[in-house]
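Encoded as C-alpha coordinates, the following chain is the form predicted alone, with no partner shown.
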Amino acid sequence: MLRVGIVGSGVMGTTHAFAWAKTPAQVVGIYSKDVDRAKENASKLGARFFDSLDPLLDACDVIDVCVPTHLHHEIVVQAARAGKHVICEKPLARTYAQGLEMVEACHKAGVKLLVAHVVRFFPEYAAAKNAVQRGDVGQVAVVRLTRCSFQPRVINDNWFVDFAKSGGMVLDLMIHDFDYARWVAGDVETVFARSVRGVDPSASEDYGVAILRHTNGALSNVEGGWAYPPPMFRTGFEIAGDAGLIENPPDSAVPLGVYLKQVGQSDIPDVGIPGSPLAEDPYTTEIKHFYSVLTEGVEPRVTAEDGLAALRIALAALQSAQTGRVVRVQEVN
(Lines give C-alpha, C1' and ligand atoms only; values in the text may rest on other atoms or scores of the structure.)
Protein backbone atom coordinates (compact mmCIF):
# COMPACT_ATOMS: atom_id res chain seq x y z
CA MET A 1 0.00 0.00 0.00
CA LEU A 2 1.28 3.45 -0.94
CA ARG A 3 1.85 5.48 2.22
CA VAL A 4 1.25 9.22 1.88
CA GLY A 5 2.38 12.05 4.12
CA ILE A 6 0.71 15.46 3.87
CA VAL A 7 2.62 18.63 4.64
CA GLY A 8 0.20 21.46 5.31
CA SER A 9 -3.40 21.65 6.54
CA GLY A 10 -4.74 24.76 4.85
CA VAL A 11 -7.28 24.79 2.02
CA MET A 12 -5.15 22.74 -0.38
CA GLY A 13 -3.60 20.50 2.28
CA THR A 14 -7.07 19.56 3.47
CA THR A 15 -8.35 19.13 -0.10
CA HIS A 16 -5.44 16.85 -1.04
CA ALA A 17 -5.65 14.84 2.18
CA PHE A 18 -9.29 13.89 1.67
CA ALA A 19 -8.74 13.29 -2.05
CA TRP A 20 -6.06 10.71 -1.17
CA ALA A 21 -8.67 9.01 1.04
CA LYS A 22 -10.59 8.19 -2.16
CA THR A 23 -7.66 6.14 -3.52
CA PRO A 24 -6.23 2.82 -2.29
CA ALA A 25 -3.34 4.80 -0.74
CA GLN A 26 -3.10 5.34 3.01
CA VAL A 27 -2.61 8.79 4.48
CA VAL A 28 -0.27 7.89 7.33
CA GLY A 29 0.45 11.33 8.71
CA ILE A 30 0.09 15.10 8.53
CA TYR A 31 2.68 17.69 9.46
CA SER A 32 1.59 21.31 9.75
CA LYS A 33 2.19 24.40 11.83
CA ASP A 34 -1.59 24.71 12.15
CA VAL A 35 -1.66 22.03 14.82
CA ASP A 36 -5.39 22.10 15.57
CA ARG A 37 -6.52 21.68 11.97
CA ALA A 38 -3.81 19.12 11.23
CA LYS A 39 -4.87 17.02 14.23
CA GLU A 40 -8.52 17.32 13.18
CA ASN A 41 -7.73 16.15 9.63
CA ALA A 42 -5.51 13.35 10.90
CA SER A 43 -8.22 12.15 13.26
CA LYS A 44 -10.82 12.01 10.48
CA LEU A 45 -8.44 10.09 8.23
CA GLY A 46 -7.12 7.67 10.82
CA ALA A 47 -3.65 9.19 10.44
CA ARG A 48 -1.05 10.55 12.86
CA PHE A 49 -0.12 14.14 13.52
CA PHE A 50 3.61 14.78 13.21
CA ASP A 51 5.29 17.80 14.76
CA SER A 52 8.31 17.70 12.43
CA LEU A 53 9.14 16.63 8.89
CA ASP A 54 11.84 13.98 9.43
CA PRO A 55 9.69 11.37 11.20
CA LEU A 56 6.92 11.87 8.63
CA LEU A 57 9.42 11.19 5.84
CA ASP A 58 10.46 8.00 7.62
CA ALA A 59 6.83 6.85 7.76
CA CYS A 60 5.77 7.41 4.13
CA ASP A 61 6.56 6.66 0.49
CA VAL A 62 5.34 9.94 -0.99
CA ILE A 63 5.11 13.46 0.40
CA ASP A 64 2.33 15.82 -0.71
CA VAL A 65 3.54 19.40 -0.22
CA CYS A 66 0.71 21.91 0.34
CA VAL A 67 2.44 24.74 2.19
CA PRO A 68 3.08 28.39 1.20
CA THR A 69 5.07 28.76 -2.01
CA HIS A 70 8.28 30.05 -0.45
CA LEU A 71 8.54 26.86 1.64
CA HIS A 72 8.30 24.39 -1.26
CA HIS A 73 11.99 24.34 -2.10
CA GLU A 74 13.38 23.25 1.26
CA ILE A 75 10.75 20.55 1.83
CA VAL A 76 10.92 19.06 -1.68
CA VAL A 77 14.72 18.89 -1.69
CA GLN A 78 14.70 17.26 1.75
CA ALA A 79 12.09 14.73 0.63
CA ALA A 80 14.06 13.90 -2.53
CA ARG A 81 17.23 13.31 -0.53
CA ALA A 82 15.22 10.96 1.68
CA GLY A 83 14.20 8.99 -1.43
CA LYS A 84 10.53 9.97 -1.35
CA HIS A 85 8.29 10.72 -4.32
CA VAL A 86 6.83 14.23 -4.21
CA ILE A 87 3.52 15.85 -5.08
CA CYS A 88 3.96 19.63 -4.96
CA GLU A 89 1.25 22.26 -5.15
CA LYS A 90 1.67 24.92 -7.78
CA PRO A 91 3.55 27.14 -8.28
CA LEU A 92 6.52 24.79 -8.11
CA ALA A 93 8.71 27.35 -6.32
CA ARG A 94 9.12 31.05 -5.61
CA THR A 95 12.14 31.45 -7.90
CA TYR A 96 13.34 29.71 -11.04
CA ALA A 97 16.65 28.76 -9.40
CA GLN A 98 14.76 27.04 -6.57
CA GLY A 99 12.50 25.22 -9.01
CA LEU A 100 15.43 24.03 -11.09
CA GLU A 101 17.20 22.71 -7.99
CA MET A 102 14.04 20.86 -6.93
CA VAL A 103 13.70 19.18 -10.33
CA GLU A 104 17.37 18.24 -10.39
CA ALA A 105 17.27 16.90 -6.81
CA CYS A 106 14.35 14.59 -7.66
CA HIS A 107 16.02 13.40 -10.87
CA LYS A 108 19.24 12.69 -9.00
CA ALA A 109 17.40 10.75 -6.30
CA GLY A 110 15.39 8.78 -8.85
CA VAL A 111 12.05 9.90 -7.42
CA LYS A 112 9.05 11.41 -9.16
CA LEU A 113 8.13 15.08 -8.80
CA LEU A 114 4.52 15.74 -9.80
CA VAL A 115 3.24 19.33 -9.84
CA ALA A 116 -0.43 19.89 -8.99
CA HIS A 117 -1.56 22.06 -11.90
CA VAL A 118 -5.18 21.06 -11.37
CA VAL A 119 -6.64 22.98 -14.32
CA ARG A 120 -5.40 20.18 -16.59
CA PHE A 121 -7.87 17.94 -14.73
CA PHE A 122 -10.97 20.13 -15.06
CA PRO A 123 -13.09 18.27 -17.63
CA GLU A 124 -13.86 21.28 -19.83
CA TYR A 125 -10.16 22.22 -20.07
CA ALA A 126 -9.12 18.61 -20.68
CA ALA A 127 -11.82 18.19 -23.35
CA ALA A 128 -10.66 21.34 -25.13
CA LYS A 129 -7.06 20.11 -25.06
CA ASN A 130 -8.16 16.80 -26.56
CA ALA A 131 -10.09 18.61 -29.29
CA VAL A 132 -7.00 20.66 -30.16
CA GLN A 133 -4.87 17.52 -30.17
CA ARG A 134 -7.30 15.82 -32.56
CA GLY A 135 -7.01 18.79 -34.90
CA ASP A 136 -10.66 19.84 -34.55
CA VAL A 137 -9.87 23.57 -34.80
CA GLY A 138 -6.78 23.25 -36.95
CA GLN A 139 -3.64 25.21 -36.12
CA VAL A 140 -4.13 27.13 -32.87
CA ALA A 141 -3.69 30.86 -33.44
CA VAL A 142 -5.23 32.69 -30.47
CA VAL A 143 -6.00 31.54 -26.92
CA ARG A 144 -7.92 33.69 -24.44
CA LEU A 145 -8.01 32.68 -20.78
CA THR A 146 -9.57 34.40 -17.77
CA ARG A 147 -9.34 33.58 -14.06
CA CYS A 148 -10.61 36.17 -11.60
CA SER A 149 -11.45 35.78 -7.94
CA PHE A 150 -11.58 37.63 -4.65
CA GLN A 151 -8.29 38.20 -2.89
CA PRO A 152 -7.38 35.43 -0.40
CA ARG A 153 -8.28 36.59 3.09
CA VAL A 154 -6.58 34.20 5.46
CA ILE A 155 -6.94 35.62 8.95
CA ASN A 156 -3.65 34.36 10.40
CA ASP A 157 -0.48 34.98 8.34
CA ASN A 158 -2.03 35.81 4.98
CA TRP A 159 1.08 34.83 3.03
CA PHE A 160 -0.82 35.18 -0.25
CA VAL A 161 -0.60 38.98 -0.07
CA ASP A 162 3.07 38.92 0.96
CA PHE A 163 4.76 39.28 -2.42
CA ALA A 164 8.09 37.90 -1.19
CA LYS A 165 6.38 34.67 -0.14
CA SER A 166 3.77 34.13 -2.86
CA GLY A 167 4.71 36.24 -5.87
CA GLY A 168 1.22 37.71 -5.65
CA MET A 169 -1.70 37.17 -7.99
CA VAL A 170 0.41 36.69 -11.11
CA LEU A 171 2.45 33.81 -9.68
CA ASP A 172 -0.24 32.25 -7.51
CA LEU A 173 -3.33 32.56 -9.72
CA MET A 174 -2.44 33.40 -13.33
CA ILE A 175 0.12 30.58 -13.43
CA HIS A 176 -2.80 28.15 -13.84
CA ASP A 177 -3.57 29.64 -17.24
CA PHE A 178 0.07 30.12 -18.22
CA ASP A 179 0.44 26.37 -17.79
CA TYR A 180 -2.74 25.67 -19.74
CA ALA A 181 -1.80 28.03 -22.59
CA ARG A 182 1.51 26.23 -22.96
CA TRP A 183 -0.29 22.86 -22.84
CA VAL A 184 -2.58 23.70 -25.76
CA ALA A 185 -0.42 26.07 -27.84
CA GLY A 186 3.17 24.99 -27.13
CA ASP A 187 6.23 26.58 -25.58
CA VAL A 188 6.23 30.30 -24.85
CA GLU A 189 8.89 32.61 -26.25
CA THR A 190 8.05 36.08 -24.90
CA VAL A 191 5.69 37.68 -22.38
CA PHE A 192 4.33 41.20 -22.13
CA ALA A 193 2.26 41.94 -19.03
CA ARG A 194 0.64 44.76 -17.12
CA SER A 195 -0.85 44.58 -13.65
CA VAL A 196 -2.17 46.96 -11.01
CA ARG A 197 0.43 45.95 -8.43
CA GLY A 198 3.14 45.94 -11.06
CA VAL A 199 2.60 49.71 -11.15
CA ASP A 200 1.58 50.22 -7.51
CA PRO A 201 2.71 47.42 -5.16
CA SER A 202 0.64 48.95 -2.34
CA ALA A 203 -2.68 48.67 -4.22
CA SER A 204 -5.42 47.01 -2.16
CA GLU A 205 -6.34 44.53 -4.93
CA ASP A 206 -4.76 43.27 -8.13
CA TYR A 207 -5.71 42.72 -11.75
CA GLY A 208 -3.46 41.87 -14.67
CA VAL A 209 -3.26 40.93 -18.33
CA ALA A 210 -0.42 39.05 -20.04
CA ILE A 211 0.19 38.40 -23.72
CA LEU A 212 2.20 35.26 -24.44
CA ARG A 213 3.86 34.71 -27.81
CA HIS A 214 4.37 31.02 -28.43
CA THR A 215 7.30 29.72 -30.45
CA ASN A 216 4.91 28.60 -33.22
CA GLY A 217 3.52 32.13 -33.58
CA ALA A 218 0.30 31.62 -31.61
CA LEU A 219 -0.76 34.29 -29.11
CA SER A 220 -2.36 33.77 -25.70
CA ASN A 221 -4.16 36.56 -23.86
CA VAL A 222 -4.33 35.73 -20.14
CA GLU A 223 -6.44 37.75 -17.69
CA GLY A 224 -6.25 37.36 -13.92
CA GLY A 225 -7.53 39.18 -10.90
CA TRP A 226 -7.82 39.30 -7.15
CA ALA A 227 -10.50 41.97 -7.26
CA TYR A 228 -13.96 40.38 -7.25
CA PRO A 229 -16.30 40.57 -4.24
CA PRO A 230 -16.23 37.25 -2.35
CA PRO A 231 -17.17 34.51 -2.94
CA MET A 232 -16.99 35.09 -6.72
CA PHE A 233 -14.62 32.99 -8.82
CA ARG A 234 -14.90 33.19 -12.62
CA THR A 235 -12.98 31.27 -15.25
CA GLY A 236 -13.40 30.98 -19.00
CA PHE A 237 -11.50 30.35 -22.22
CA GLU A 238 -11.51 30.52 -26.00
CA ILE A 239 -9.22 28.63 -28.35
CA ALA A 240 -9.27 29.83 -31.96
CA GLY A 241 -7.62 27.98 -34.82
CA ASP A 242 -7.64 28.26 -38.58
CA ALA A 243 -10.45 25.67 -38.75
CA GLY A 244 -12.71 26.68 -35.88
CA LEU A 245 -13.28 27.93 -32.33
CA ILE A 246 -13.66 26.31 -28.91
CA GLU A 247 -15.47 28.47 -26.37
CA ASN A 248 -16.16 28.13 -22.66
CA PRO A 249 -17.34 31.58 -21.54
CA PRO A 250 -17.79 32.34 -17.84
CA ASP A 251 -21.41 32.16 -16.65
CA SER A 252 -22.68 32.28 -20.22
CA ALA A 253 -26.20 31.21 -19.17
CA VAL A 254 -26.69 34.15 -16.78
CA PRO A 255 -28.42 37.05 -18.58
CA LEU A 256 -27.61 39.61 -15.87
CA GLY A 257 -25.66 39.27 -12.66
CA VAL A 258 -25.15 41.80 -9.89
CA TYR A 259 -22.53 40.96 -7.25
CA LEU A 260 -21.88 43.30 -4.34
CA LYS A 261 -19.23 43.11 -1.67
CA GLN A 262 -20.63 41.60 1.50
CA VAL A 263 -19.61 42.51 5.03
CA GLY A 264 -19.59 40.08 7.91
CA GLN A 265 -20.30 36.88 6.00
CA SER A 266 -18.90 33.88 7.87
CA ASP A 267 -19.41 31.21 5.19
CA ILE A 268 -16.98 32.65 2.62
CA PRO A 269 -13.82 30.52 2.22
CA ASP A 270 -10.41 32.00 2.99
CA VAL A 271 -9.17 31.25 -0.52
CA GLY A 272 -11.19 31.10 -3.71
CA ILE A 273 -11.01 27.86 -5.68
CA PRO A 274 -13.14 27.07 -8.72
CA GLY A 275 -15.83 24.49 -8.23
CA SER A 276 -17.21 21.77 -10.44
CA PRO A 277 -20.76 20.38 -10.71
CA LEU A 278 -19.46 16.87 -11.35
CA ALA A 279 -19.76 13.99 -8.91
CA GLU A 280 -15.97 13.85 -8.64
CA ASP A 281 -14.17 17.13 -8.14
CA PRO A 282 -11.05 17.76 -10.29
CA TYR A 283 -8.77 17.75 -7.25
CA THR A 284 -9.76 14.15 -6.57
CA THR A 285 -9.33 13.30 -10.26
CA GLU A 286 -5.85 14.81 -10.09
CA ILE A 287 -4.84 12.83 -6.98
CA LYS A 288 -6.21 9.59 -8.45
CA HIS A 289 -4.10 10.22 -11.55
CA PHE A 290 -1.00 10.82 -9.43
CA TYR A 291 -1.72 7.56 -7.60
CA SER A 292 -1.79 5.73 -10.94
CA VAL A 293 1.47 7.41 -11.99
CA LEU A 294 3.17 6.26 -8.79
CA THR A 295 1.79 2.73 -8.67
CA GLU A 296 1.05 1.71 -12.27
CA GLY A 297 3.63 3.61 -14.31
CA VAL A 298 1.01 5.79 -16.03
CA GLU A 299 2.51 8.71 -17.97
CA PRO A 300 1.98 11.88 -15.88
CA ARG A 301 -0.32 14.53 -17.32
CA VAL A 302 1.85 17.14 -15.58
CA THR A 303 5.60 16.62 -15.32
CA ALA A 304 8.19 18.36 -13.18
CA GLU A 305 9.44 20.08 -16.33
CA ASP A 306 5.91 21.36 -17.03
CA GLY A 307 5.78 22.88 -13.57
CA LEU A 308 9.18 24.49 -14.08
CA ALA A 309 8.17 25.90 -17.47
CA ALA A 310 4.96 27.40 -16.06
CA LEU A 311 6.96 28.97 -13.23
CA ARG A 312 9.35 30.55 -15.71
CA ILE A 313 6.49 32.05 -17.75
CA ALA A 314 4.89 33.48 -14.59
CA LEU A 315 8.17 35.00 -13.44
CA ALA A 316 8.61 36.53 -16.91
CA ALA A 317 5.11 38.05 -16.58
CA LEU A 318 6.02 39.49 -13.17
CA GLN A 319 9.22 40.97 -14.57
CA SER A 320 7.36 42.45 -17.54
CA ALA A 321 4.63 43.95 -15.33
CA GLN A 322 7.28 45.60 -13.15
CA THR A 323 9.45 46.93 -16.00
CA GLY A 324 6.91 47.57 -18.74
CA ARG A 325 9.05 45.62 -21.23
CA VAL A 326 8.66 42.45 -23.23
CA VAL A 327 10.55 39.64 -21.48
CA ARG A 328 12.04 36.58 -23.15
CA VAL A 329 11.12 33.53 -21.09
CA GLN A 330 14.48 31.78 -21.61
CA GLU A 331 16.27 34.77 -20.05
CA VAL A 332 14.50 34.32 -16.69
CA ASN A 333 16.82 32.63 -14.21
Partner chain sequence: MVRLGIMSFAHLHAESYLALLKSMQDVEVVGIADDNQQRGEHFAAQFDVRYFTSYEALLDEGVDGVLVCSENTKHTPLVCMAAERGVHVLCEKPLATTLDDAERMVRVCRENQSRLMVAFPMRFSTPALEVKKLVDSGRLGRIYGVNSTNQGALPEFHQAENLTFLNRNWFVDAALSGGGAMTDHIVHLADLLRWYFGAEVQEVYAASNTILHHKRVNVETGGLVMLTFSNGAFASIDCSWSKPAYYPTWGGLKLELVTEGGLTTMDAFKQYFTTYSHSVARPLWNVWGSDANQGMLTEFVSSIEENRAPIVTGEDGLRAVEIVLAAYRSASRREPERVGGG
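Residue numbers count along the first chain shown, from 1. If you're wondering where the values come from, they're calculated on a predicted model, not measured in any experiment.
From this point on, the text means the form predicted in complex with its partner chain, which you will not see here.
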Exercise. Does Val332 reach its partner chain in the model of the complex, with heavy atoms at most 4.5 Å apart?
Worked result: no
Problem set entry | Exercise: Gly208 in contact with its partner chain in the model of the complex, heavy atom 4.5 Å | yes
For this session: Find out whether any non-hydrogen atom of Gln151 is located within 4.5 angstroms of its partner chain in the model of the complex, and reply yes or no.
Result: no
Problem set entry | Proximity of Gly135 to its partner chain in the model of the complex, heavy atoms at 4.5 Å | no
For this session: Work out which of the listed stretches, 70 to 78, 106 to 114, 138 to 146, 119 to 127, brings a heavy atom within 4.5 angstroms of its partner chain in the model of the complex.
Result: 138 to 146
Exercise. Considering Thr95, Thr190, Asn158, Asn248, which brings a non-hydrogen atom within 4.5 Å of its partner chain in the model of the complex?
Worked result: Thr190
Exercise. Going by heavy atoms, what in 220 to 245 lies within 4.5 angstroms of its partner chain in the model of the complex?
Worked result: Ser220, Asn221, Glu223, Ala227, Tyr228, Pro229, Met232, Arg234, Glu238, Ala240, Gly241, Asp242, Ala243, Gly244, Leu245
